[in-house]
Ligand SMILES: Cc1cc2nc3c(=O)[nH]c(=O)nc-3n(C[C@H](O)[C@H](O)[C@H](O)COP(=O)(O)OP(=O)(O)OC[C@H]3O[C@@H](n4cnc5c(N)ncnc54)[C@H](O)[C@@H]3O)c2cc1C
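One chain comes next, on its own, written out as structure tokens in the form predicted on its own.
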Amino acid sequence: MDSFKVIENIRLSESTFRLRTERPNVPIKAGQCFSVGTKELGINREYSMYSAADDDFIDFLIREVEDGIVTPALGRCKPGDLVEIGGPYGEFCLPIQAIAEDSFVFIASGTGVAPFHSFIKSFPWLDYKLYHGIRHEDEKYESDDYEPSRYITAVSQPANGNGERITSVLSREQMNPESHYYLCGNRQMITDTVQILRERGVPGGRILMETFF
């Protein structure tokens, strides 16, 4: 585990921040995750990379957990502070041979959108559609990075009280069984979404999952 300087730490919502650090000098693929923490705590958590694979920094999209240990410490980090980073790890990545020719459907809840943001920033020409389930309107983190027609949200706790979950949106959508489906977020969303996809004829081999929490 090596130490890297914090470049910036920006609040994107009341409970979520984007932590930017120096980049480890190792090969990195979009969709991979890193173990991140502070030396003082001696405890790390894994976070998917939020930035593009070829950026000269690493971004992490982190939701601060109430009464947590690691996330409040990371949320207090200032430029110049050191954080410990290990990795990258994981194979929640795009098939290189399919990036230029195939279509992709990304389905996320909350900060589970992080690897999909990395995919889209890494491959601007990607044929994608991104479904994002959030609780509040201010959780459309940096949505300007997505083409409006390709970014669909479902807000479960909007100010007007008429909420909807992302699985309700998906149940009304057409699903191409030839697309690649990537799911990232909470376990219940993933379980319900897999059922919807399989009922629509999407083969299991076209579905890749990563459970955040």
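Throughout, we count residues from 1 along the sequence that is shown. If you're wondering where the values come from, they're calculated on a predicted model, not measured in any experiment.
Unshown form predicted in complex with the named molecule; subsequent notes refer to it.
Within 4.5 Å of some heavy atom of the named molecule in the model of the complex lies at least one heavy atom of residue 63. Contact annotation for residue 111: at least one heavy atom lies within 4.5 Å of the named molecule in the model of the complex.
Although the partner is absent from this view, residue 68 contacts the named molecule in the model of the complex, with a non-hydrogen atom inside 4.5 angstroms. At a distance threshold of 4.5 angstroms between non-hydrogen atoms, residue 53 is out of contact with the named molecule in the model of the complex.
A single residue from the set 124, 79, 95, 72 has any heavy atom within 4.5 angstroms of the named molecule in the model of the complex; that residue is 72. Stretch 40 to 48 is the contacting one of 40 to 48, 156 to 164, 142 to 150, 175 to 183, since its residues have non-hydrogen atoms within 4.5 Å of the named molecule in the model of the complex.
Although the named molecule is not shown here, in the model of the complex the stretch 183 to 206 places no heavy atom of any residue within 4.5 Å of it.
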